[in-house]
Ligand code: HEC
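Quick heads-up: it's one chain on its own, the form predicted alone, in structure tokens.
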Amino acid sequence: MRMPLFRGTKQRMLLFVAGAVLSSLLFSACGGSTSILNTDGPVAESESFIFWVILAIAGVIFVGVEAMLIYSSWRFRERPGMPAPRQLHGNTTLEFAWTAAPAVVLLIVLVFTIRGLWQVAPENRPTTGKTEVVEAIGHQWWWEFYYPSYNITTADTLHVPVGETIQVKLYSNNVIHSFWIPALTGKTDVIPGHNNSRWFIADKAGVYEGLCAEFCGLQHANMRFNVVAEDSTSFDTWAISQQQAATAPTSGSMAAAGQKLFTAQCSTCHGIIGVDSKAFVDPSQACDNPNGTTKDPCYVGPNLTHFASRATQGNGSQQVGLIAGGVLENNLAQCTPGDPNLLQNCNVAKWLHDPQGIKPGNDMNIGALSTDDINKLVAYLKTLN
């Protein structure tokens, strides 16, 4: 009995529709600041070029194979009275062809891949122009950035000058992380005891999203940071302002009470220049130093000397900064001490009230704070510009 030619049409249509839906979901994720397709730097552009080359080759092969399959299925379909098809087993020419063709394709891909790896290698970073060195330290679960040339440290936000080469030295004293800024540079592992390096250049000003690309624990997905690329003048202004000690709050104010509370309960894990620290600590020496040759403390939490300045990003930018490793926005503009709705409107207050509820497993073990204590701490943090 001859089988119907279009048997299972409904099943094939169902598979086609399902494939189309899944493809649309896949390509809907190809935009945004975490996409390697939206590049603003030579390193990311080089890596994106490799992607497009491989995609083009794979696309040509896919279309060619499918076209031959469809053609063969129609041209050589079974008809009544047809003889058995001629067998091609042992055809040396065909076997050589379908062995050599994939080898040639893989060789082409290898050439482009090696070329791309050479272009972005740490030793091939540009030697002309100015280079800014930044040390990036991966904590569980947030990023700390130290600028040796300015002796300043910050957290959750990496400021860089546009057009200058940024050399990022990567450290970890806990588990393996992976440093990744999709629009600017690719992934580089941050391995305890094995310091890595990465470089990139931001072609234009803007705020770019960075993240950890290596599973590093319970809150791996909440280990994000922002990169603020700005002109060199704005960057220098920012760096100089970050070198200043914290401004002392007015005596007898709620902020002054918050400073006393900070000194009593928070100074073990956080540093503030002029309060419990004399200078910024180089985390690569204090936290990634197996020989113990430094007496500087390795703080568990970020330095808060200029915490309020992280509420906005860039020179006059309206984009809100991050706290808690990217879990919450640093919306200090909505934090009014004494406001009965402080815990609903202010993310800093939410964090102080229940850090484990917001980011389970983090190292913030401040204990239960009263609403009055939270108001005092928020008032003080708002003065740290």
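Just count from 1 along the sequence shown to find any residue number. Being a predicted model, the structure only gives us computed values, none of them experimental.
Below: the form predicted together with ligand HEC, not depicted.
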Review point. Of V109, A257, C269, A286, which one comes within 4.5 Å of ligand HEC in the model of the complex, counting heavy atoms only?
Key: C269
Review point. Which residue among S234, Q167, Q265, S309 has a heavy atom within 4.5 angstroms of ligand HEC in the model of the complex?
Key: Q265
Check your understanding: Hey, in the model of the complex, is D156 touching ligand HEC, heavy atoms inside 4.5 Å?
Key -> yes
Review point. Do W141 and ligand HEC share at least one heavy atom pair within 4.5 Å in the model of the complex?
Key: yes
Exercise for review: Verify the contact flag for P302: yes if a non-hydrogen atom of it lies within 4.5 Å of a non-hydrogen atom of ligand HEC in the model of the complex, no if not.
Suggested key: yes
Check your understanding: Though only this chain appears here, would V43 touch ligand HEC in the model of the complex if you measure heavy atom gaps against 4.5 Å?
Key -> no
Check your understanding: Counting only heavy atoms and a 4.5 Å cutoff, which of 50-58, 333-341, 63-71, 320-328 contacts ligand HEC in the model of the complex?
Key -> 320-328
Exercise for review: Taking ligand HEC as it sits in the model of the complex, which residues of 343-357 have a non-hydrogen atom within 4.5 Å of it? Please list them.
Suggested key: V348, W351, L352
